[in-house]
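Next comes just one chain, in structure tokens: the form predicted on its own.
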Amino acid sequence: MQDITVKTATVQSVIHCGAGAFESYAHRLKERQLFIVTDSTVNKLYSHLLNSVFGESTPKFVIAAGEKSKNTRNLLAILQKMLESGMHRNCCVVAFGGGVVGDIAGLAAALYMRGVHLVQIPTTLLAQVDSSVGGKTAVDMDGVKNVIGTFYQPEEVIADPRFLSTLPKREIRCGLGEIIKHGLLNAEIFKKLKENEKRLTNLEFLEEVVYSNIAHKAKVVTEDEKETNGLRKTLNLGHTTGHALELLYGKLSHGEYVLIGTYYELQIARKYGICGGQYAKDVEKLICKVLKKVPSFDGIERAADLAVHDKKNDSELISVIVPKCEGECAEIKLNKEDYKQYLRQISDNLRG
């Protein structure tokens, strides 16, 4: 078990990472006034654990599992329940679940009484390697992903691999989407992924690679907490197209759409001469190892209408972060019509 520190101008977060982290640190939270936010799937699996550690009387709000629950209605309902439960200024919100739970619980913690304590206990692979670290909180509105949110750092993150054993295969693929993304930004992680292609879904390997992924993101967040110098923007690799496809079609997991988005954006990078050769082939191989087959989409050009609302855009141009070479990425800015054309061409090529 290892600790990683994220130190920003506002707070210092400590991430407890590794086997035994939950047993070592969760019980210490009992000394505070707690409010737990979780989802229906996680609650069914682990309500007994929450009750044994925090007590059955600890207030808890359970949202339906899935991205659709990340909305303003549930956000206000959480805040209402916190008020009804008598939560005071020094209370602590515990986000116990995946990325959706972490996002909405984090935003509730940021808003309640102008900010209360927050602890993230991520139970999915994606949340452990990505969304629980860095302080991004948000809900969706009117078909726009993460449009209402703020940066609000947790005081602690407890990332324990014990929770990964109950994940379905789709959730493992979802987490691998973000792990591969980090690999395209970090040469050492990429090397680990290439050397362990046959073990990508092996829980022992995932436990090994979680720490290096968290360490990479923690370093980026420490240096650029609120995307002011461009470094944190690199973490959006694969997300412009991935988010747009997720909103448009919504049948796969977030991480799967990130992988699909990375594949499409890799092809755009090839067209621009930014990425190519053996490295591009290696990236494709990793993506296809997880997805088996990259899908084509009917009406994919409609994704451009959603991508123009992406928060990364600073003008009418669509910002796309693409892989360049090992450990490096680049930004391409596209007008909507060019972006539509590229998406359509790539999708048609996938159909053969």
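All values derive from a computational prediction rather than experimental measurement. Throughout, we count residues from 1 along the sequence that is shown.
Although it is not shown, the form predicted in complex with a small molecule is what the next lines describe.
Annotated contact segment (heavy atom within 4.5 Å of the small molecule in the predicted complex): 123 to 131, selected among 76 to 84, 259 to 267, 123 to 131, 194 to 202.
For the three residues H216, T222 and S319, a heavy atom within 4.5 Å of the small molecule turns up in the predicted complex in no case. Distance criterion of 4.5 Å from any heavy atom to the small molecule in the predicted complex singles out E171 from the list E227, E207, E156, E171. Residue in contact with the small molecule in the predicted complex (any heavy atom within 4.5 Å), chosen from E301, D39, E326, D310: D39. Contact check for G98: a non-hydrogen atom falls within 4.5 Å of the small molecule in the predicted complex. Contact annotation: H254 falls within 4.5 Å of the small molecule in the predicted complex, judged by heavy atom distances.
Although the partner is absent here, E67 is a contact residue: one of its heavy atoms lies within 4.5 angstroms of the small molecule in the predicted complex. In the predicted complex, L167 approaches the small molecule with a heavy atom inside 4.5 Å.
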